[in-house]
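Quick setup: one chain, the form predicted on its own, written in structure tokens, and binding and motion questions come after.
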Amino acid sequence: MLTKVNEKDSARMYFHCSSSERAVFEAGIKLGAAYHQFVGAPVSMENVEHLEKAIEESMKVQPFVKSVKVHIDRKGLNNKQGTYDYLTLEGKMLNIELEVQYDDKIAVCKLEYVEELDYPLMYVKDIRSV
């Protein structure tokens, strides 16, 4: 049974996968887009909350997003070294939790820096039914 959210998915015919797989696919696209769109953006203690909200709001308008929460690690944001120095957002500073619903499935996916891997990892945290 289709949920109201996906009844008019005109791209459905191109996807030969389960609703769980589609939810995960959609989440991956959105996390990757956020990462590549915002890494490199100037960030400071003065604008960090605005940047978090901007990332959240840009992700919320994308198809099938149920919820998103963005946190930027503030360690080091006070390390400005003079008038012309500024910091930019790095992948390891981002922590995003995203829920994408497709039909009756919700994929909960994350982007977070994993210290043991020394890498900002995108992964599937959970898949559940509505």
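Note that residue numbering begins at 1 and tracks the sequence as displayed. A quick note: this is a predicted structure, and the numbers were derived from the prediction, not measured.
A second form of this protein, the form predicted together with a further copy of the same chain, is not displayed here; the remarks below concern that form.
Taking the partner from the other structure, a further copy of the same chain in the predicted bound form has a heavy atom within 4.5 Å of a heavy atom of residue 109.
Although the partner is absent from this view, residue 94 stays clear of a further copy of the same chain in the predicted bound form, with no non-hydrogen atom inside 4.5 angstroms. Although the partner is absent from this view, residue 50 contacts a further copy of the same chain in the predicted bound form, with a non-hydrogen atom inside 4.5 angstroms. Among heavy atoms of residue 72, none comes within 4.5 Å of a further copy of the same chain in the predicted bound form.
Contacts between 93-130 and a further copy of the same chain, taken as any heavy atom within 4.5 Å in the predicted bound form, involve 109, 114, 116, 117, 118, 119, 121, 122, 123, 124, 125, 126, 127.
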